[in-house]
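Single chain ahead, by itself, as structure tokens, in the form predicted alone.
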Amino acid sequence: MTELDRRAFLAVLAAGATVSGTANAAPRKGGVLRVSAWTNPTTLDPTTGSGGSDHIFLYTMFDSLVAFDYATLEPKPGLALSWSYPDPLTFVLNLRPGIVFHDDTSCDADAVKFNLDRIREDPRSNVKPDLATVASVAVTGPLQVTLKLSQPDTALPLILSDRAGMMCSPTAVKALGKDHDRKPVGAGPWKFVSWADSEKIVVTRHEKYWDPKRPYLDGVEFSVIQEVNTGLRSVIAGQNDLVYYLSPQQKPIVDRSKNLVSVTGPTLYCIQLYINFGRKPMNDVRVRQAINYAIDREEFNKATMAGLSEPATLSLPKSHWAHDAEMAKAYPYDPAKAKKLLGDAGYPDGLDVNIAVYSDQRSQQRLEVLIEQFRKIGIRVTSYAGTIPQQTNAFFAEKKGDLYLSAWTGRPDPSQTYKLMFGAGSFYNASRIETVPEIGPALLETRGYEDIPSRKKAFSKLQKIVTENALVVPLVFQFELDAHTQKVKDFRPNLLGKCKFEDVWLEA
């Protein structure tokens, strides 16, 4: 990519997301969108799944109680038409009438209570931390649910735009049990047809969807193609219509193809190293700090992202309202300081660490860059590779490995990010402990205010605790880059970096 291409690409990203479409063309119904998906889902049940990359599949089958604006992540009506806080410890949801699940059962207040209680109580739920402040759920009308809270929680609307707000059919969950992981029943625009593991996921139109104007597409077919280079070639060849999660290095290929359209936009997607800080040597803050100082993030960005991503030292990008610019300066590249910290921790001759990583080419390239940077301070790396579901389970459930080279895909409300990664008992906290006691109260404080200035101040306090204790190793924020054929219209990326197709239609 030339410097001119690079500047043009960054200018597009700075201006916001691009959108594909045809001027003055009216959307038409019909057709099946064929998507190249770079990963297999962990499950297709929003409560039991664990991969952030699952959302692209879940969004087709599950509507959430609250929706979000693509560009700003501001909450807007979803399955719930409205919500309110009559007092700081009470949250009321008012549902749309006439919503039915794919099995023709009603998505009413009883169904919502079932789902929220399941999230809070089911041993298989990976979403418990999202609703940790909910003390009880009551049906207060046929289409009204009232949540009583143990602490004020102004993050709930956006939390309910994520997994916690995706409603499953109670009838199906009760009848299928664990099989609901692979045979999901939601109330989204499309309903589940089939899932051939690591090959294809198929959904078809939900004819009784609550919005009569949508969906436009008759269905969506996801072909699981782990290597995005192969996925891009499948779109160029006309075998698929759209591919997402492209690397910056692939944009020139897209631009040279007359039949392809590139779509770009900023995201919360952070490539990072997760730390199991509940085991040696990662339970020593000096080791964690040394790892952060050992990484040249600018060089990592150039080597793995063609310099087209944002180097990261926090879990929120510069564009986010809760980003703390001062805390972002915490870990400049300083190998000498990293070596000293290792020596102070009792490792003057370096140490051995084990890193879990994906087996695809891009992940392996990132690992190679980190291995070389770690070598300079005496950290010796061994690694084990596999698919996203395999590695996510191995690191977070089986506690295998010291570090996990993966990504945090972002959440609508920033308190979710910190709660899910660092809260006691959270799935994405491999140690399952709250290694820093101050995190719990600081998290609650971020949810105790409704105005942005007060929340921003609370988040600065939380980011200071996380950063000084080096509980994670952020590397870069990845920009969205997708490509599709000319016949795909009105596809838009969103700030979460997780594709949705509710407005997409196909030209005849």
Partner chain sequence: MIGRRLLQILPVIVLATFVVFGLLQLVPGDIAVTLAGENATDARIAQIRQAYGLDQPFFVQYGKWLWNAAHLDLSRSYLSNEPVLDQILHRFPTTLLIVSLSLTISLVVGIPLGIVAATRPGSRLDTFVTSFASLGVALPNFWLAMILVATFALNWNIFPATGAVALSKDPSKALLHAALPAFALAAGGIAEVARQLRSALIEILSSQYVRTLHAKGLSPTAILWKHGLKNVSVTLLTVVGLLVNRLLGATVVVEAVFAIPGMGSLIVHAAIHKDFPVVQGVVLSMVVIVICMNLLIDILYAVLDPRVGRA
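Numbering follows the first chain given and starts at 1. What you are looking at is a predicted structure, and each value in this text was computed from that prediction instead of being measured.
The following text describes the form predicted together with its partner chain, which does not appear among the structures shown.
The candidate spot formed by Gln272, Arg297 and Ser460 lies out of contact with its partner chain in the model of the complex, as no residue has a heavy atom within 4.5 Å of it. Proximity to its partner chain in the model of the complex, taken as heavy atoms within 4.5 Å, picks out 45 to 53 from the listed stretches 479 to 487, 464 to 472, 446 to 454, 45 to 53. Contact annotation: Asn292 falls outside 4.5 Å of its partner chain in the model of the complex, judged by heavy atom distances. The closest heavy atom approach of Asp87 to its partner chain in the model of the complex falls outside 4.5 Å.
Contact annotation: Ile225 falls within 4.5 Å of its partner chain in the model of the complex, judged by heavy atom distances. Among residues of the shown chain, Lys178 is one whose heavy atoms approach its partner chain to within 4.5 Å in the model of the complex. Taking a 4.5 Å heavy atom cutoff to its partner chain in the model of the complex, the contact residue among Ser150, Thr230, Ser82, Thr72 is Thr230. This chain is displayed alone, yet in the model of the complex one of His320, Arg411, Arg366, Lys113 has a heavy atom within 4.5 Å of its partner chain; that residue is Arg411. Along 427 to 453, a non-hydrogen atom within 4.5 Å of its partner chain in the model of the complex is carried by Phe427, Tyr428, Arg432, in order along the sequence.
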